[in-house]
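A lone chain, given as structure tokens: the form predicted alone.
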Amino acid sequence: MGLLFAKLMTIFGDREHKVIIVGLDNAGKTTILYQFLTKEAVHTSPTIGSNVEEISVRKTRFLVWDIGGQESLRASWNSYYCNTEIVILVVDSTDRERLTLTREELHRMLAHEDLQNAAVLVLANKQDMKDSMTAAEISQCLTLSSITGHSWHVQACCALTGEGLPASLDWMRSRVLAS
């Protein structure tokens, strides 16, 4: 009975689902957060600490934490992991030089006990830029196929135009409804 009630609460949107947005500095995390919220590109500055917003997708509510990605802030990411259902990793598709660092951060995060049940959404941002890597290239560089303990998805997107972001919200919604 309790499980049925929990499912009904999820379907009818009475429960918030915690999401964290992480990635290296300048990947587009905050721009994506506000594109989710307002469907417009907003001018942002580097995030010191975090931003948090509630986003609703067809009666499913997400409490989305956008966490600063500067090197000095990455050590504190784990303080946001508790009760996280979805990790959104934003990747700058033009930043080939730091993709190895992104991979290391991703795999370090996923080894944390508080994220054992979290799904992973990789947003391959800046697809509008010349010479950007494809979602498939990013998937291969991040060795996503080696991640077997988490459901994951890679979505090509552009934070400035919003392209690809509705599909990512749909994927997030399908994940929380399936759990």
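All residue numbers are counted from 1 along the displayed sequence. Source: prediction; values computed, not measured.
What follows is about the form predicted together with a small molecule, which we do not show.
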item	value
Residue contact check: residue 128 to the small molecule in the predicted complex, 4.5 Å heavy atom	yes
The small molecule contact in the predicted complex: residue 143, any heavy atom under 4.5 Å	no
Heavy atom of residue 44 within 4.5 Å of the small molecule in the predicted complex	yes
Non-hydrogen atom contact residue 26 with the small molecule in the predicted complex at 4.5 angstroms	yes
Segment assignment from 109-117, 148-156, 134-142, 26-34: heavy atom within 4.5 Å of the small molecule in the predicted complex	26-34
